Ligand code: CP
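So this first bit is one chain, no partners, the form predicted on its own, shown in structure tokens.
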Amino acid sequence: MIDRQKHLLRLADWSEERILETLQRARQLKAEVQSGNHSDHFKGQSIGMFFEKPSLRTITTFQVGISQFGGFPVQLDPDSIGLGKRESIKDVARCLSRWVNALVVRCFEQELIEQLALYGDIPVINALTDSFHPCQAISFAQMFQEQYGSFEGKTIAFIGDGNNVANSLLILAAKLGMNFTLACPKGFEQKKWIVEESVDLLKKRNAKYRVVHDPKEAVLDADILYSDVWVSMGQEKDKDSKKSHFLPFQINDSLLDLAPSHCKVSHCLPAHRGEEITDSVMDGGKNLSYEEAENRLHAQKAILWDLMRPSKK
């Protein structure tokens, strides 16, 4: 059985208190970077990085963050390892546990990251699967807290596909007492079990979950509009059919004008400008995507701190 507190496999495993402590640590680490100070918290430690999917922000910020901590990032080549083909997941996890101090994984199937955590003896961090993206959600939370100060009662309107990012933002909202609205075409809602798990948490916090099929309805009470690509990695064969469904769900100036005046916009990136979001919104004064991207560095360092800090050894 997996000790889920030892890892970050999905945000549902972490309590509100642990998330808030991680955000506080992220703010402290950001201040360190801005002052030019770096503490060698993980000097002499190595962190394996196994990425089946392409990456810019995640791989760069983890590598930089590990180096700033005095650690050493070890890039693992999926083709060379042949995980589950050339060698069993069990054997790979057990070997890596004897060489590195933690493992950062970006893969397709959630089951793969769960098995690496099951068979290994080191912390495993979910750097994105087809089901969840917890590092993105914590980075979003840091950006949101910097901009708005508090979470309770605020509303996220996610405009687009009910995908892995939407799932992790919903879980984050449930943990922190935020309302969550998903605006998507019919048939592209989030999976039922993810919603049911989160709705129970939302009810305890007097927060609300809504699914609407008209983006204009979703933005009327939103504090922030959120977007992601319409076609996630690995779904390229569905690009043409999905685009036809999602064309009305573009974040543009007309949609943003319907939202409250204080409402801002963010995107997990990469953005397909002219599809899910326009140039004018991306380059406008209400876009917080780059602030969120900046916080990937600090939030992920805080996650590493939580899982690897000396007091846990």
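Start at 1 and count along the sequence shown; that's the residue number. Source: prediction; values computed, not measured.
One more form of this protein exists, namely the form predicted together with this ligand; it is left out here, but the text below deals with it.
Here the chain stands by itself, but in the predicted complex one stretch of 265-273, 63-71, 25-33, 246-254, 265-273, has heavy atoms within 4.5 Å of this ligand. At a distance threshold of 4.5 angstroms between non-hydrogen atoms, Leu56 is in contact with this ligand in the predicted complex. The closest non-hydrogen atom of Lys175 lies beyond 4.5 Å of this ligand in the predicted complex. Although the partner is absent from this view, Asn126 stays clear of this ligand in the predicted complex, with no non-hydrogen atom inside 4.5 angstroms. Gln136 belongs to the set of residues with a heavy atom inside 4.5 Å of this ligand in the predicted complex. The partner is not shown here, but in the predicted complex the stretch 96-116 reaches within 4.5 angstroms of this ligand through a heavy atom at Arg106 alone.
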